[in-house]
Structure formats: structure tokens, C-alpha cells
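Two separate entries follow, structure 1 and structure 2, each one form of the same protein chain as C-alpha cells.
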Structure 1
Amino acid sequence: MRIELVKRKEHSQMMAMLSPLIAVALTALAAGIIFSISGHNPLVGLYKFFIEPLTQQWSFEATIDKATPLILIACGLSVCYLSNNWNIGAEGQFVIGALFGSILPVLFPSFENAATLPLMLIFGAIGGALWALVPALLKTRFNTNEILTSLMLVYVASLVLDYLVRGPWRDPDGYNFPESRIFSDAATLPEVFGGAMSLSAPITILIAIILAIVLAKTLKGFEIRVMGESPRAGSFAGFSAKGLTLFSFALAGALAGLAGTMEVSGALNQLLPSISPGYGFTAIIVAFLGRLNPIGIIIAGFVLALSYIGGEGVQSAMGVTNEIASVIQGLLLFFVLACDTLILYRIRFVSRHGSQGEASHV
């Protein structure tokens, strides 16, 4: 007997809306089982992982800081995925954007005026976009697989960062530590709301809202949806698949690069050999958990940010390895994709002799 997935003629809109909540609930259940197997009280573990970061001011602010790059990167990735372009390299675009954005404070530290920070953000967006255009051009010109090329460029970007902070861009006054010079005040994002968060948070929310309006109300948003759902219909409407591939990758790269620049000019205030705990990869989960909708992504980004702070919390309080955050993120992605699959397909069992028995609909 074998198992087949048969596409449903119609799928439940209600279940499509509820599937992220179901995925989160199943992830919490699986996390509780993991805590139990490791010899810890599952209720205490779940509380410290998901709830406690929201009860203290410092951890709540840290959650916002973690959510900001996740939301911004995921917004860009949502455009790629809606247009059927599979950009997996946002982590590399984040890193290259941070490098481009750091050119002024690292190579021209005396350049300190009101234009410093805006130029840094522009350079970061340009750097991320250029890096993202590499797999896009390879796809449109040579039909290469964008998943592989964008992913491989992540490791290239990481090596470039490591080389620069250990070599040409290392702080001459840093006692040979692998780090760049500390950014000046002019190159540092200011804090807002009484120091509760960096300026990067409201910038990110504003971009997400603008992108949501563009996707829902403009011709470009219509083009993105049509080309993603039916490229053939889009071509009859005069839309260019190659042009949209270049556009979606450039936009996603620009937003990832902007997030990278805001990270090094805000939370880190310098370049280090590692500037990301995996934001570019986690943002993929955020994009799908948010249903590829920028407003949903804002909520999903906050949920995933809890996994970083909660992972640190259970490590310090319960002695659990901080890798549990990665495990729970992976489980969440699995359950999101599993729910989506069962919404769009039904399971059918087929015997070796050809007789069929259908499983109940999910």
C-alpha cells in the first residue's frame, strides 16, 4: 500500500486562516514533550519560553529588537514567494547589506553629519539588492536553480564578512580583536519612545504597512499575485516573468540589506565576525507563518522573536541547551507546511492491486 496526496477541488478558507494558530499550538505541544523527555517540567519550560519574555520590560524590548529584522526580511521574502521565486539567501543579503552600510563609519569615520545615517541605510539596501540580483540574473539568463545559488551565496557573504573584520576593516585600536571600530554617534540609530526601542522598529512597521498596501491595492501587487498563481495567464496580460524575478529578488535583497545595516548601526554598533543568529533563515518561517501577508508577518515576527529570547531564558533558568530555540523554530516550520499541505491536498491510500481507500479529510 502506498500513500498519495490528491489535490482538493476546493479548500477551506477558514482552515487556511486558522492553520498558523494550529501550527503554533502543535509546536507548543511538541516543545512540551521535548521538555518532558529532557527531564524538566513542561509547563515551566513553556512558560519561560513563550510567556516570561513578555512579562519583563528588558526582555520585551529585546523581543522587539529581535522581531525587527525578522519582519523586514520576511516582508521582502513574501514578495519573492508570492511571485513564485524561491529566495533562500536572505541571510547573505543581510550580511552584504550590513557591509555596504558600514562603509562610511568604518572607512570614513570622520564623516559625521546629518547625512551619515541616511546614506548608510541607502548603501545597505543597495548592497543587499545587488547581492540578491546575482541568483536572479542566473535564473533569468541561464535558468539556474535560484534555491541553490541564493543559498550558496550565504556562505560566500559570511566568509567575506569574516575576512574583512579580521583583516582590512579590523579596528586598529581594538587590541587585535576581530571587530571593526565602534560606530560614531552620527552612524548610530537613535532610540525612540524613551529608549524602549531603536528607530529601526517604527521604520520596519512603516515599510510593512506600505508593502501591504502595494500588494493589495496596486497594479504591481496584482502582477505579483497573478504571476505567482498562473504565469501563463500573467504572460497573456503582458507581464514579464523575468522582469518580475529581477524585481522581487532586488526588493527582497534591499529589505534584507536594510535590516543588516540597521542591525549593525543599532543593536551591535560595529561589525563582528558574526552579526546574525540566523535571521535570514528564520525569516522564511516568519513569512509562511504570516501567510505571506505583511500584516500577518508583523505578528509572526514577534512570535518567532520569542523563540530567541525564550531559548536564552530556558538555558539560564533550566540548564537546557539554547539550541532548543532552533529545534522549536524547525518544528514550527514543519507544522506550518504540514497544515498547508493538508489544506490543499487530501490523503489517499492505494493498495498494490489498485483498489483505493481514502483517508478522512483533514
Structure 2
Amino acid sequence: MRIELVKRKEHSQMMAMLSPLIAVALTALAAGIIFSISGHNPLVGLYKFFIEPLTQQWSFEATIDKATPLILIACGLSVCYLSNNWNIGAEGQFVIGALFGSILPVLFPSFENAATLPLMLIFGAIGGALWALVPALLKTRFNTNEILTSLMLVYVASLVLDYLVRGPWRDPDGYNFPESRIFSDAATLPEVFGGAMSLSAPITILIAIILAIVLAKTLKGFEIRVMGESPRAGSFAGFSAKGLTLFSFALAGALAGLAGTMEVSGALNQLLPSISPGYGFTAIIVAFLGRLNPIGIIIAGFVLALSYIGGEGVQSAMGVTNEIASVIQGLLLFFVLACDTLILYRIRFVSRHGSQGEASHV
């Protein structure tokens, strides 16, 4: 028996819709198997992981809180990936964004007025964009592989954060704990919808919708898609590959940096040696599961946020390690990629002896 791919005459629209759903279903199946192997009831495990977070108000809100940075980062990454720029350093851009956003509340705590918060958000976006421009500039100027450089900067960024929080930015009144001072009210994102969630959720949704319109309706969106699919065709149209590399990295970095600032000024209210449970990497999965489309990313971000809350749920209720969350995230990305094959190809199982002479590809 052998698996053979037969190219479809055109992209399957139905599969483009179905493949993320099939991927989620297969991931749930695989997760069930993992629960049984580790000696737990798979149905209870799956319920606690995927359903229970949705049944209670606090966990539903916690899921939205986790989904927000994922969606915002993934929106930026999708622009990179659509234009064939492999930025996988969003985790570092998130951290540096959070650091830039924290300059005012940490170093100038007495600067408290209506301008504090907007300035913080702008600083955060600038910090993330600057950090992302490093691999982009190295790629355009020296032809350096952006996958490796953007990733190396993740490690550097987390060491910078560690240094600041344990060193110069440590809270002078903090009993020597490695953490910054707590942000003042003027530097804290206000809560909306009766205290259910911070302002970061509506900001994120607004940005995703604007990006969806830009990608679908504007020349810039057209340029991004053309350059991703055929850089040669794009260059005939007068689009610059280097310019787009710089643009997409700067945009992705700015959104990741904004997400970082909103995380520290909303959810955490101070800087800690570690401020992200791997949002920058999980956002890569969100971008793919959402089919590199901002609206799809909103849904995908919510699904992946479930894995964080569900992971904590199964840990406390069943004693399964919460590492299972990242196992399930990795499996989900595998299944998403595998199912995408169905959009371009039909899969046929052939026995060793039959169908040799059949040439049915296009």
C-alpha cells in the first residue's frame, strides 16, 4: 500500500473551509489517546480541556484574555507569512515591546496623566517594530536567513528582560524580589464590559478587522499576496521585495510589541522575569489555523487560548501536567498543515501492483 497525491484541477473551496475543522477534530482524537495512555478517562479529559473553560464566566473571560495577545501577534505574523517572510521571533518582539511600553511606568512613575497610557502603547509598538527590523534589515542588506536571526533575538530579548528586572529596573521597595514596581492606575489598561476584560480585547478586534479590510481591498493587500505567491510577477508590477520585507516585519513587530505592552499594563501590571507563556510561538499556530486571514485568526486565537486554560484545568483537576497544552498545540499545527494538503491534492491509496500506468495528475 502506498499513498499517492493527485493534484486537483483547482483549489478545493470545500476543503479550504473544512480543513481547519478536520484538524481540530483529529487533534481532539489524538489528545484523547494521550489522556488514555497516561491513565485518565479520555472523555473527561477532553471535556475539561476543550469544553469546561466555556461553561463558566471567569474561565470564559480568562480565555478571552489569553486569546487577545495571540490574535494580535498572529495578525502581524500572517502579513509576514503571506509575503513569504519567515518571522518566527514574535516572542522576542513581544518582550521588547513590553519593555519599551514599561519605560514610563517604571522609570517615571510620577508621570501620571491622560497621556501616560497612549504613550506607553506607542512606545511598545515602536520597541517591537525596532526589534523586528533587525532580522529584516539583515535579510535585505546581507541576505541573512531571517528564520534563524529572528529566533536568536528571542533568547537575547528574554535575557535583556531578565537583566532589567533583576537589576536596574527592580522595585526599590520590593523586598529584593525580581520584579518591577507595580504600575500606577494611569498606566493600567482600563477594564471594559463591567470589569470582565481589559481594553486590549476591543483594540485587538478593531485592528484585526482593519487588517482584514486592508488585505482584501487595498493595493497594499494585493501587493502582499502577489509578492508571496510569485515574487517575479510582483517585481514586474513594480513591487519591491525588500521594501515589503521591511514593512511586514515592522508591522508584525509593532503588533507583537503592542500586545506585549497591553499584557504588562493589563494582565500583569508589572514586569516579571518571564511575561509570556510562549505567546509568540503559539501565535504561529494561530496564524496558520486561521488560514493567514485576520477573521480566521480571531477564531483560531480563541481555540488556542482554550488550550492554555484547558491545560491549567486538567492539571488542577486530573493531575495531568499542563505541558499537555503545548503537546496539543504542536499536534494541532501538524494536523492543520497535513489537512491543507487536501486543498491542493486528492489522496489516493494504491496497492503496490495496481495503477502503475495510470497518469492522472495534471
Partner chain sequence: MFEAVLLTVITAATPLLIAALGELVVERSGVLNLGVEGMMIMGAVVGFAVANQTGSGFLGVVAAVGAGMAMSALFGFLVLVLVTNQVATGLALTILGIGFSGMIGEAFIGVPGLKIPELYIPVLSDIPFIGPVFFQQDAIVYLSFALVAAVAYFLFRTRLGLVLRAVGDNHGSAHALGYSVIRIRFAAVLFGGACAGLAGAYMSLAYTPQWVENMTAGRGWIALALVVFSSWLPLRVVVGAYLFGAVSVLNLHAQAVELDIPSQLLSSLPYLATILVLVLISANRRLTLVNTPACLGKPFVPDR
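Numbers given to residues start at 1 and step along the sequence of structure 1. Think of the rigid core as the biggest set of C-alphas that the two forms share within 1.5 Å after superposition. What you see is a predicted model; the values in this text were computed from it and never measured.
Form assignment for the chain places structure 1 as the one matching the criterion, namely the form predicted alone. With the core held fixed, the Cα of Val24 is displaced between structures 1 and 2 by less than 2 Å.
Core superposition places the Cα of Thr341 3.2 Å apart between structures 1 and 2.
Core-superposed comparison between structures 1 and 2: Lys9 shows a Cα shift of 5.2 Å.
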